[in-house]
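Okay, here we've got a single chain as structure tokens, the form predicted alone, with questions on binding and movement later.
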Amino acid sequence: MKASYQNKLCVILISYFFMCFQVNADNTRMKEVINDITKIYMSSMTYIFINQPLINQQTNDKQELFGQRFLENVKQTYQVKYSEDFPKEDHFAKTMLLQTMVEVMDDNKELLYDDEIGFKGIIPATFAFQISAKLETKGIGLKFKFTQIASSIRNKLNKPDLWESSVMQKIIKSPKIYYDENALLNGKPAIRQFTPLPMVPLCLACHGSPADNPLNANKEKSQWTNIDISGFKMENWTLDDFGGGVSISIEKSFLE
């Protein structure tokens, strides 16, 4: 009787440890996927960021912004940015992200070739919003947001939620990537990751002082404007200020 009880106990313990191991393995896999997705988006964001002159200039040659050429440029940016090979398309989420990024750029093709519009508005924040909107129409639980603390946000559509606001307060004190494997998205279990973005000199063209504003180049100081190229009032930030970050959320069911 005692031996039988011990055998049952052993079976229960083995089953418990196996379940724990399986859960940890699943969480590790999901974390790897969201890390790859974050870095892929960050690379596309960087490519769009440094290619604002191409995006906004009058030219008939913008092929680098579309289709396979765009993806190849994003992959090259990834390799330079992270000093590693571009992730394999070994998960549906990665494939859908790459496909959707191309679709978003194609959706903006007419705008990008409109020579009557100087500033096209295709910047990392709007790119993230358009990706999320397109994924939502496809019923895919994957959301991107380029956000900042509520008091500094420009576009209310990018206003942080409670989780993002809480995380950013922690990041300001201790900069690092935050990861939450027990979050919610659309009321469903999800994984969330927030990656802070440091200010770089190019950011100051919009968010710095009038002296940083390209619109003021070669003008007398008395003629300077504190309105940036996108039409917003400049915040007088410096490279030491908090630059916000990228928030990415994925429903767990989409990762399975």
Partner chain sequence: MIVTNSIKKILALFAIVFFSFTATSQSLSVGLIDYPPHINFDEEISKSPLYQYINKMLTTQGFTVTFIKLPRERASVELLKGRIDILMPIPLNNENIKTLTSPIFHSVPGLCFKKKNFIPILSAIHRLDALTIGVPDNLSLVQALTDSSASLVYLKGENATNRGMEMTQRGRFDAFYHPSPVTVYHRKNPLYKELACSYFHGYSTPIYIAVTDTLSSDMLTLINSAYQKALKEQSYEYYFASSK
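None of these values were measured; they are calculated from a predicted model. For the two forms, the rigid core is made up of the largest set of C-alpha atoms that agree within 1.5 Å on superposition. Positions refer to the first chain, counted from 1.
Heads up, the form predicted in complex with its partner chain isn't pictured, but that's what we're talking about next.
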Answer yes if any heavy atom of Ser230 is within 4.5 Å of a heavy atom of its partner chain in the model of the complex; otherwise answer no. yes
So, Ala183 and its partner chain: in the model of the complex, are they within 4.5 Å at any heavy atom pair? no
Could you confirm whether Glu110 comes within 4.5 Å of its partner chain in the model of the complex, counting heavy atoms only? yes
Going by a heavy atom distance of 4.5 Å, is Lys170 a contact of its partner chain in the model of the complex? no
Three residues, Pro210, Asn218 and Trp237; all within 4.5 Å of its partner chain in the model of the complex via heavy atoms? no
Name the residue from Tyr179, Phe86, Trp163, Phe129 that puts a heavy atom within 4.5 Å of its partner chain in the model of the complex. Phe129
Here the chain appears without its partner; judged in the model of the complex, the stretch of 115-123, 170-178, 78-86, 143-151 with heavy atoms within 4.5 Å of its partner chain is 115-123
Scan 55-82 and note down the residues that get a heavy atom within 4.5 Å of its partner chain in the model of the complex; none is a fine answer too. Gln68
Relative to the superposed rigid core, does Ala133 relocate between the shown form and the other one - that is, does its Cα move 2 Å or more? yes
